[in-house]
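Presented below, as structure tokens, is a lone chain in the form predicted alone.
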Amino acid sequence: MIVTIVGGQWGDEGKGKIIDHIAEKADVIARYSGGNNAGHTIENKLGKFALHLVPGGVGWEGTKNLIGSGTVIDPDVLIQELELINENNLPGKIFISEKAHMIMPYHIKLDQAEEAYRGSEAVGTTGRGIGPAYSDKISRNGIRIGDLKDIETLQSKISKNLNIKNKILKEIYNTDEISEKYIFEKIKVWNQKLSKYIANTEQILYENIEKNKFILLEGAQGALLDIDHGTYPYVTSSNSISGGSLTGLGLGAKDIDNVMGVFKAFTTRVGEGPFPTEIFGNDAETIREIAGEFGTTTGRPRRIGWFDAVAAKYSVNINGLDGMVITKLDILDKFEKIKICTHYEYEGEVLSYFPTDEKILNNIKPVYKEFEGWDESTFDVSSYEALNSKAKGFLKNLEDIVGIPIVYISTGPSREATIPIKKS
């Protein structure tokens, strides 16, 4: 069985925790897109770990954790993660696709230089070289992890690339060039520390499919940041929707059995871009502080909003979602009123769909359905029956408005604070 888990909003929905929870039963967990601009936190008996590249199943004995060809990898960041994993004896096995592209030092410098050059019109990237690495991949100038197997040929490729990149850095962005020697020294370290993890990850997947193993596919960030279907240009550089799992891992459309979308009980966003249900003031500050809404990767404070069911229904469509996972329900404890956006208004017109036009998105007005909050704590509640009636009512309304069933509810960061919902 193959299950794809995606973020249903703008990322940071808690996918890592859900994957870590389900991974106990999984044989393979595969990451299919993005780079270290994404992050997830797993928590288990060995501790709490913030990861950016390695899949969330690394905390379980016997799991195979694959970093697929659709990702871009900063070798220095990956080495740091592998050292953290080894130091803490996390037991999952790790394999890196030989087709995955590397983020080179010049990609990072170009990313930061371009954002600075844009000034007030900056897109709000994390400055980690993700976009430039994907650009080189598409223009057929990329460097793949598998290239580490042949250092001499790799150095020749880098020399050609560096001539162009340094000219751009110096003549367009008026910043320092990058030394060829500096990169060559890094390559030696990368070869030494990463070579044993490089593998034909497609073949590993195919073999496990033939054996009817349980396989989890893990997306990075959220569907509304997808390069094609997100709020362009304020998006990531890869396909974060469920379809990205096929191209990013080498699978066929018929291989996927189930797609789950992870949503917070409210909504957050990091960086620039449209955010129809964004709120400010006391409610936003309270949610941010209680929930610790600061980026795992960037540390930036996240923007806060009420649950956007219009955007959620759009996410259902572009991902083909079979079910929802609702996280951070406990953060809404003690609120007198809780809201769900059911539709938008734009220039007197009611919109029941999610617009793609940036101008419309920036000027729509969310229309809310309001619910009574609850005083009783839902934190760490581990069964649906133990939830109070108002929290259950809120969840039932989410199902009815979005149109798909809730299959898991998360009420805290620990594995135990996860409620599976089985429909009769």
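Treat the numbers as computed from the prediction; the structure is a model and nothing was measured. Don't overthink the numbering: it's just position in the shown sequence, from 1.
Heads up, the form predicted together with a small molecule isn't pictured, but that's what we're talking about next.
- Site annotation in the predicted bound form: the residue of Ile331, Ile94, Val235, Ala284 reaching within 4.5 Å of the small molecule with a heavy atom is Val235.
- Contact with the small molecule in the predicted bound form, judged by any heavy atom within 4.5 Å, is made by just one of Asn319, Gln221, Thr71, Thr327: Gln221.
- Residues within 4.5 angstroms of the small molecule in the predicted bound form, judged by any non-hydrogen atom, belong to 126-134 and to none of the other stretches in 178-186, 310-318, 199-207, 126-134.
- Heavy atoms of Gly271 reach within 4.5 Å of the small molecule in the predicted bound form, making it an interface residue.
- Interface membership of Leu225, defined by any non-hydrogen atom within 4.5 Å of the small molecule in the predicted bound form, is confirmed.
- Heavy atoms of Asp20 never reach within 4.5 Å of the small molecule in the predicted bound form, leaving it off the interface.
- Within this chain, Asn37 lines the site of the small molecule in the predicted bound form, having a heavy atom no more than 4.5 Å away.
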